[in-house]
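Listed next as structure tokens is one chain, alone, in the form predicted on its own.
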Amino acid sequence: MKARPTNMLARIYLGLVLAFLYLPILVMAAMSFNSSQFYMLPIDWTFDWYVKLAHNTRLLESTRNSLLVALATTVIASVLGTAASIAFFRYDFRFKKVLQAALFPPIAIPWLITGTAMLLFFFWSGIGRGLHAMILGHVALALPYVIIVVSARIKGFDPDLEAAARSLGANPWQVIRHVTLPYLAPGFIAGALFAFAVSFDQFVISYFLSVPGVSTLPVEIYTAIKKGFTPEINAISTLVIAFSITLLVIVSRFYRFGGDR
């Protein structure tokens, strides 16, 4: 009997937290269908802002750039991060602990400082700015997340499974393909999702490394808000959220991130 008030308070608190997180998103999505540019109520439902979005070349081009950078970052960071995680798990070498500890500062350091440092380094090294520089910067940010997530998964891996596969005649590639990679798949996918989210949502690094006329969606939204907010931004944001939710549903359909397929 004494636990009931506590359970009720816990449910109320959870409801308030969820409302705080999702209510602004729902309001934004609803306003993307409002014909009033000034968000007058009641909502006059329309698809006009989505039609105008289809003809907004700047927003569409920046969205394409964001997807290009995020996909490239996801592939590079996932492959390199998984390889690094396997190396940390299998081998002992000098400065291993130092390298593992060095994964955390990039996550903790404010992105403003990281962006300034990358801008100076890229100019000094001759890399310059542009999409290629943004991809390099985003990979540097996403790589620690992938390594940490995949390493957490690989810690539960039993090396005897690989030994058993080799004893049954499997070659090294077959061991990796049929034993190691299937076990790491949930961690690999989780790390890839982290990398994609970090890259696609990244503003500071993209702002520092972008060039005039070539920007990502967060930078373009920031620029558009400075000039004057339009519901087209609500429309593109709603589409991005819908895409993200769909992607998560598809992934969760095939994998439980506790480890079982």
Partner chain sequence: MASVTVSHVNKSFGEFQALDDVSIEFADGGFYALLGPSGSGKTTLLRQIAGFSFPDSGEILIGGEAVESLPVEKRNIGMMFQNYALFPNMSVFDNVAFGLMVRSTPKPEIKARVGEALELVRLSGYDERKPHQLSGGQRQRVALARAIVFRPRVLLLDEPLSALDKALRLGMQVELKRIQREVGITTIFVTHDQEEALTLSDKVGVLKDGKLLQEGPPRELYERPATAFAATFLGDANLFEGDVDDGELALSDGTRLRATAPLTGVGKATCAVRPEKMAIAEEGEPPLADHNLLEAELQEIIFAGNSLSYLLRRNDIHLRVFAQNRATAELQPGQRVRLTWRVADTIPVEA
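What you see is a predicted model, and the numbers here were worked out from it, not measured in a lab. Residue numbers count along the first chain shown, from 1.
There is another form of this protein, the form predicted together with the partner chain, and it is not shown here; the text below is about that form.
Would you point out which of 165-173, 144-152, 116-124, 94-102 contains residues with a non-hydrogen atom within 4.5 Å of the partner chain in the predicted complex?
-> Going by heavy atoms within 4.5 Å, the stretch is 165-173.
Check, residue by residue, if Asp158, Leu161 and His178 all come within 4.5 Å of the partner chain in the predicted complex, counting heavy atoms only.
-> Heavy-atom distance to the partner chain in the predicted complex: all three under 4.5 Å.
Heavy atom to heavy atom, is Gly128 within 4.5 Å of the partner chain in the predicted complex?
-> No, no contact at 4.5 Å.
Taking heavy atoms and a 4.5 Å cut-off, does Pro182 contact the partner chain in the predicted complex?
-> Yes, Pro182 lies within 4.5 Å of the partner chain in the predicted complex.
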